[in-house]
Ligand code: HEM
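Quick heads-up: it's one chain on its own, the form predicted alone, in structure tokens.
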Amino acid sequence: MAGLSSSSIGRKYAMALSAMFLLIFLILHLTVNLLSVVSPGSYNVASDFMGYNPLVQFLMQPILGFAVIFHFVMGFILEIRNRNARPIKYGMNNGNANSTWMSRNMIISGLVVLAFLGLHFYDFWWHEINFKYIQGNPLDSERFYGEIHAKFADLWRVVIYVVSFVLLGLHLAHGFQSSFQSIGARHPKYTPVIKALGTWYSILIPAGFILIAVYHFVTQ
């Protein structure tokens, strides 16, 4: 039992670390993409660096891909183990009084976010792979703004992005604080600060991405 407990703690710790890595990545990703709203030229420069720098492409991008896969797979494993370990289900144990809806349904929001990532990778990552490595097109540092602007010309895609980022915000609202708790960052003095930061993070990050999608749609 002790070994199983240690293994479970280790999985939660690893899950929390992958979550923190992705939280940092979202800030960087949003910062770059917000440039498309305020300065198309700066967005092209930043995207050119991210798209052609070998360190980013062949080191950071694989690490990011691994972190995304690891986070979701580990999240599903932990959720299934937690559900199987409950002798009394939430429906029989007044789950609403003991936890939030979001904390009980992280696997649902996670599946929706994962499906959205599939669309997002198809829209941008696969496009880059096709443009650079399959078609073998020459370097074009001015193409990035036009591509992101054209991508949000369709209302259905904008709606999918908006809904997905709202669900991502709900996922982050619980996941932010949970990741800190999993690594032992719980203290009467600091926990309220972490909760406040998590609330603002889960609002501002999705709102920023929604702003980008809506801006490009209304400025077609």
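Just count from 1 along the sequence shown to find any residue number. A quick note: this is a predicted structure, and the numbers were derived from the prediction, not measured.
Below: the form predicted together with protoporphyrin IX containing FE (HEM), not depicted.
Of the heavy atoms in R186, none are within 4.5 Å of protoporphyrin IX containing FE (HEM) in the model of the complex. When protoporphyrin IX containing FE (HEM) is considered in the model of the complex, F152 lines it closely, a heavy atom lying within 4.5 Å. Protoporphyrin IX containing FE (HEM) in the model of the complex comes within 4.5 Å of a heavy atom belonging to I212.
Residue contact with protoporphyrin IX containing FE (HEM) in the model of the complex: L35 places no heavy atom within 4.5 Å of it. For the candidate spot formed by F66, F76 and F176, no residue has a non-hydrogen atom within 4.5 angstroms of protoporphyrin IX containing FE (HEM) in the model of the complex.
The listed set I194, V45, L26, V159 contains one residue whose heavy atoms approach protoporphyrin IX containing FE (HEM) in the model of the complex to within 4.5 Å, identified as L26. Of all the residues from 111-137, those having a non-hydrogen atom no more than 4.5 Å from protoporphyrin IX containing FE (HEM) in the model of the complex are V113, F116, L117, H120, F121, F124, W125, E128.
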